[in-house]
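Only one chain comes next, encoded as structure tokens, the form predicted on its own.
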Amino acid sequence: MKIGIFDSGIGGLTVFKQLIKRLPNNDYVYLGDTARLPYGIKSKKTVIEYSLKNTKFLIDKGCKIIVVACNTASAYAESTLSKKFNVPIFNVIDSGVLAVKDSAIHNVGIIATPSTIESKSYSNRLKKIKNIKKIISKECPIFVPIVEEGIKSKGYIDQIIEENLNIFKKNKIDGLILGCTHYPILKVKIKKFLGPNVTLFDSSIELAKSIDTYLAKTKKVKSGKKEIYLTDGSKYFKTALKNMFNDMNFNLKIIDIR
């Protein structure tokens, strides 16, 4: 069962890594739309257009399952993709919300890009969970360039995290959804600031669990082939691939699907 994954950039690698960790023998095709990132500040119409092209590319490559490894694309385009294409489509939002539902969390925070917060995709789903008493959403667009530029270890990042997440400390949340696939890369620093009593929900881990459950009854593959495509030859993206997958063999190609 070949699995296709797409994101606008480096964030989707967190999903890709968790899938490989949990299901190492599957075939994967990853598409990083690095020429058109970020999606998080673009209009719904534009994100849907990009997502349709990305999904068609992956299906043309033989993918039988599509993973939308981008919260903005999950919020804006998932329903359109499900209607357009006759394949199972998984998204990071549903997986993250399911993890909260299965927990004992009562006061939940959400951090995401402006487009994801504006869509209210997380908050609308969370409101249907009976045990949730308080939902607080916060746009944190600055976290994306911190990850994309590889500067997460700089000393001033701690101050940026404090300024952006202090609202959650004041409101005494007990759970925080990392509503952008870039954010798990900052998970250690976020956890350090919020403290041990706040549960972090990493949608990349939850999505991998969902797909593992879906594939439990299917025939196991033994190939483990990994193909990676970028729409722009981002030097930093290539460096991130090497750092995150230094023990993995993969084919990397630059393509144009615009």
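These figures come from a predicted structure and were not determined experimentally. One-based numbering along the sequence shown.
Keep in mind that the form predicted in complex with D-glutamic acid is not shown, yet the notes after this line are about it.
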Of Ala77, Val108, Val97, Cys180, which residue is found within 4.5 angstroms of D-glutamic acid in the predicted complex when only non-hydrogen atoms are counted?
Cys180
Contact assignment for D-glutamic acid in the predicted complex, among Ile173, Val144, Ile161, Ile185, heavy atom within 4.5 Å
Val144
Region of this chain that lies against D-glutamic acid in the predicted complex, out of 210-218, 64-72, 192-200, 48-56 [heavy atom, 4.5 Å]:
64-72
Even though D-glutamic acid is not shown here, does Asn91 get within 4.5 Å of it in the predicted complex, heavy atoms only?
no
In the predicted complex, is there a heavy atom of D-glutamic acid that lies within 4.5 Å of any heavy atom of Thr113, even though the partner is absent here?
yes
Using 4.5 Å between non-hydrogen atoms, is Leu230 touching D-glutamic acid in the predicted complex?
no
Looking at the partner-bound form in the predicted complex, is Val29 within 4.5 Å of D-glutamic acid by any heavy atom?
no
Let me know which residues along 17-45 have a heavy atom within 4.5 Å of D-glutamic acid in the predicted complex, or say none if there are none.
Leu37, Pro38, Tyr39, Gly40
